[in-house]
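One chain comes next, on its own, written as structure tokens: the form predicted alone.
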């Protein structure tokens, strides 16, 4: 029976085709978790470089762009499911995207609930883009799961750019990161922050630098593992199509690439990088 279950798992991941969508390279942090849980899964990656950063776009702008764009992408690549690997997009337009698509869509939810459970001091921070931390959805999560916590919200588009630059081969200036996260640890309560939610998929790509920049030890958590687990569970209940027999590809909408960036995508399992 155990051997049969393992075989079923292998067959599932060999056939499953996931479209991972983000504004840039941030979704690669989710790809890492997907491949760790389902090593043979077929992934098509799409980065909306043309419209990045999403963090300074309004809900109206994102709702106007994303449902139609995702609908076109799904028609083109024919995935089994879509992983919307962007907190800002998920907290702004997830309902509209789901309504537009005929395949299941998994969004990214800031990990406020587990952060509140982990915090001993009941002081947590949510570090995302301005477009995420200002959304009503985040306020609802705080009200539902972190009523007993003091919550600091900090938005930064600069960190998105630093993550993009890092994966393009550029040096990351720790001083810039320190400046961006300083408000989290400011004031009388700053020393009590013991858990920080990385509410942008770009930010786990800067985890080493964030740890170095923080004035004291904190736990950094994100939603990557939970998203991968949800994807695996969802795929088990679908009638899967045969995965494409072409190389797994990263599609960059209006983007630019260089050898370093292509190598980064290749390291994450994407043999081809194509500019759309």
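Residue numbers count along the first chain shown, from 1. If you're wondering where the values come from, they're calculated on a predicted model, not measured in any experiment.
The next section is about a form of this same protein that is not shown, the form predicted together with D-glutamic acid.
- Though D-glutamic acid is absent from this view, in the model of the complex it lies within 4.5 Å of a heavy atom of just one residue from 160, 124, 133, 93, which is 160.
- Note that among 142-150, 179-187, 114-122, 197-205, the stretch whose heavy atoms approach D-glutamic acid to within 4.5 Å in the model of the complex is 197-205.
- Of the heavy atoms in residue 55, some are within 4.5 Å of D-glutamic acid in the model of the complex.
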